[in-house]
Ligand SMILES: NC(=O)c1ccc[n+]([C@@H]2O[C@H](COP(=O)([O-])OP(=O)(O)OC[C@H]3O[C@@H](n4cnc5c(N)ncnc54)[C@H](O)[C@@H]3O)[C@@H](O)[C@H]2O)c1
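First, one chain by itself in structure tokens, the form predicted alone.
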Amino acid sequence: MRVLITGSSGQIGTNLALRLLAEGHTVFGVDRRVNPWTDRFPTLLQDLAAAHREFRSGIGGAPYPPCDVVVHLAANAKVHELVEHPHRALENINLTFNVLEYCRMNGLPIIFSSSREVYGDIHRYITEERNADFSFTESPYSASKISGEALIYSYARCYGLRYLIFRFSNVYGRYDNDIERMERVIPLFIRKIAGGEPVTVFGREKVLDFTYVDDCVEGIVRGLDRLMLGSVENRTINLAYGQGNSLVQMAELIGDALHVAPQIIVEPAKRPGE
């Protein structure tokens, strides 16, 4: 199988690419930054949020190599940063549109990385996997993921696009420690607790579903296999651990693993969009 991965220099993209290579598949990555963890697969440095009508390796360059399926992971993914810089949400929508155009022109199926954020504030209403009401959108980031899903559903109906959408939830693990570029709560807490620094939790009762990256990749790989076989397609699926932990519990678990008593400061859950 020949797989094109957008966002291939990120945490999920890197882990997925290495898993696919280990299974004998071919991987071609597209990202706007160099992969800091591996050089085992070719990566084209390109900003997919820019306007594209031809997909080539640079101006006047060769076309993308042939592939069988696209895994679209590229996105600006930090919720609070997109509240502060909402133009990044529009970039997410442009990214997805451009990738869908590539799939349409080449007759390719797609796997799209959506988010639990599409559900909005679940304390306002209870939902199920098939339903995400846009009127409960909490942030520009969640709006960009809802928009991406809507584009995919429309391409499926208008152009026969085959797809799987996975809604991820707080993926953590290997290759997520570049917190100077993107601050993630688990590696941030590990660094601070290990260094004897206090950590701040916004909302004592705030519960998140943390998903280990290998479980996330396993779900994507199984989805790829079934999408290519045609046994599962045009589905939207939650891909998560299925059990919540509060941020206070998470900090305490990190302290236990490091044999350090964490200093936890609890502040009100006040950040907009989260």
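All residue numbers are counted from 1 along the displayed sequence. Computed from a predicted structure; not experimentally measured.
Below: the form predicted in complex with the named molecule, not depicted.
In the model of the complex, the named molecule sits within 4.5 Å of a heavy atom belonging to F168. Contact between E218 and the named molecule in the model of the complex is not found at the 4.5 Å heavy atom cutoff. In the model of the complex, no heavy atom of A251 sits within 4.5 Å of the named molecule.
In the model of the complex, no heavy atom of D214 sits within 4.5 Å of the named molecule. Note on contacts: among R226, R32, R40, K206, the single residue with a heavy atom within 4.5 Å of the named molecule in the model of the complex is R32. Residue A77 is the only one of L164, V118, L100, A77 with a heavy atom lying within 4.5 Å of the named molecule in the model of the complex. Contact with the named molecule in the model of the complex, judged as any non-hydrogen atom within 4.5 angstroms, is confined among 229 to 237, 63 to 71, 24 to 32, 242 to 250 to 24 to 32. Within 4.5 angstroms of the named molecule in the model of the complex, the stretch 81 to 97 places a non-hydrogen atom from L95 alone.
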